[in-house]
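In structure tokens, one chain follows: the form predicted alone.
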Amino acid sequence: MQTNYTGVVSVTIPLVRRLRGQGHGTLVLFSSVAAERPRRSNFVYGSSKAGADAFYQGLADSLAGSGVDVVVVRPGFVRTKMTEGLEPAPLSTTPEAVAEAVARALRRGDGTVWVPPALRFVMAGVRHLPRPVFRRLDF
């Protein structure tokens, strides 16, 4: 919670002041698909990412027209040293694919990035599952 939410907010506020003052810049938040609907297996992590994600979405709205842009990146399972030995989730990705998606978003001015893009649709479905059905899922 300290790292994923409190730390993010604490660092972002002075950065926003600086970027507003200069009239341009871009902030990028590495959120997670877990922010979309925290699961019982990782609800602390998911809720901390959800808080930071919501903060950045509101921040983006508050900065509209200021010259300061906000990009929220929502990757799924990323195959890294940290996840080594874990069973990769469906639609898992690589750090290189995440980096490419962020670079593309910066060039195009996208506000939200799903990596891989198909997760946008998967998570839209997950978000709307009735709670009794969601609770039975084992993921």
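Bear in mind the structure is a predicted one, so any value in this text is a computation, not a measurement. We number the residues from 1 along the sequence you see.
Heads up, the form predicted together with a small molecule isn't pictured, but that's what we're talking about next.
Only one of Val71, Val78, Ala101, Leu59 comes within 4.5 Å of the small molecule in the predicted complex through a heavy atom, and that residue is Val78. In the predicted complex, Phe55 stays away from the small molecule, with no heavy atom inside 4.5 Å. Shown alone here, Thr26 lies farther than 4.5 Å from the small molecule in the predicted complex, counting heavy atoms only.
At the 4.5 Å threshold, heavy atoms of Ser41 stay clear of the small molecule in the predicted complex, well away from it. By the criterion of a heavy atom within 4.5 Å, Ser66 is excluded from the residues contacting the small molecule in the predicted complex.
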